[in-house]
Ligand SMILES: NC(=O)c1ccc[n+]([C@@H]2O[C@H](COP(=O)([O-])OP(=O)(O)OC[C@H]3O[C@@H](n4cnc5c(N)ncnc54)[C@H](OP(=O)(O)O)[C@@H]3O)[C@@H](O)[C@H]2O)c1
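Okay, so here's just one chain, in structure tokens, the form predicted alone.
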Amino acid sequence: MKEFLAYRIFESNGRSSGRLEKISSVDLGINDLFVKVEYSAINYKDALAATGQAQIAKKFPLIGGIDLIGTVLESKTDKFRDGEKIIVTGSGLSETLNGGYSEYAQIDSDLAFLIPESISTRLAAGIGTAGFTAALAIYKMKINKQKFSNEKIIVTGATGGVGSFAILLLNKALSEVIAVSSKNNCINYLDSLGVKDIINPSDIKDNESLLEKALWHGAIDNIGGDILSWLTRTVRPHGNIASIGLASSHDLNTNVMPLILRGINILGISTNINRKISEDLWKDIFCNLTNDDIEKVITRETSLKDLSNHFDRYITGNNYGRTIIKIS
């Protein structure tokens, strides 16, 4: 096979950085699925790894991109056939395994999921890790007895990929979705997703009370820090807070009063779950989201060659929706 393009993460003097280069199939390693990658996407984690803002990659050099969507060219397993479309999200991609920023990939079939014929690889990339994480948060809230229909569910970091898909999926569950966002230029975008109201974080006053007025039946938080602390004090009795991200801070300064007096639950969301649950979630996602839903969240499409020009937007918090990468 001729050389092909890949965006790889390197380390120098304890700091990581990425660059586009030509590699060969030898650089991919060996696995039971050989894939022609068609699309990937940019996630906050990808931007951190590529710009050296955080040490995401654990070995070097490593192909970046925690989303990988493409067509199986050669399968050495009965799980997938040649020509089938697959998606891989998270699962150590761009951390310990080569990721999706490459024209070709060698993938462990245990990490891959079949994309139905009704969904294009482009739309599957639009969903990616963000959509899966949002669906997982709602799933964990549901098994913890969270009610959704006609209930007020607040979503922080609402314009991000996870927040956007959380809003769409909560609307499918007939929730009244409240968005928390500081991006005044994204009001129309959030309206298009179906939010009922938008709160600017600057309007949230910390009165340092152990408990505040109970407002929300549940919450999905992508922010962490002071906003997550505020949510613990304002979620109604027995409500669930799905904790996903730390865009603001990894800190959580709170008290036990909301836990013991209101019985609220903070649910940590990790995508490292068993395959059966993942399969069921992907089936639900593909079934519940229409093509129009996904298109609303895809706000930008770029190429592998232009990939590096888009990372800063994520680092500075100026992105909204999903940026997908057309690989080939």
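Don't overthink the numbering: it's just position in the shown sequence, from 1. For clarity, every value in this text was computed on a predicted model and none was experimentally measured.
In what follows, reference is made to the form predicted together with this ligand, a form of this protein that is not presented.
Peer 1: Using a 4.5 Å heavy atom cut-off, which of 298-306, 42-50, 255-263, 25-33 contacts this ligand in the model of the complex?
Peer 2: The contacting stretch here is 42-50.
Peer 1: Can residue 228 be called a contact residue for this ligand in the model of the complex at 4.5 Å between heavy atoms?
Peer 2: Contact with this ligand, no.
Peer 1: So, in the model of the complex, is residue 234 in contact with this ligand at a 4.5 angstroms heavy atom limit?
Peer 2: Result no; residue 234 lies far from this ligand in the model of the complex.
Peer 1: Can you check whether residue 222 is within 4.5 Å of this ligand in the model of the complex, heavy atom basis?
Peer 2: Answer yes; at least one heavy atom of residue 222 falls within 4.5 Å of this ligand in the model of the complex.
Peer 1: So, residue 183 and this ligand: in the model of the complex, are they within 4.5 Å at any heavy atom pair?
Peer 2: Judged by the heavy-atom cut-off of 4.5 Å, residue 183 is in contact with this ligand in the model of the complex.
Peer 1: Of 119, 173, 195, 247, which one comes within 4.5 Å of this ligand in the model of the complex, counting heavy atoms only?
Peer 2: Filtering the options by heavy-atom distance leaves 247.
Peer 1: At 4.5 angstroms, heavy atoms only, are 133, 158 and 269 all close to this ligand in the model of the complex?
Peer 2: All three within 4.5 Å in the model of the complex.
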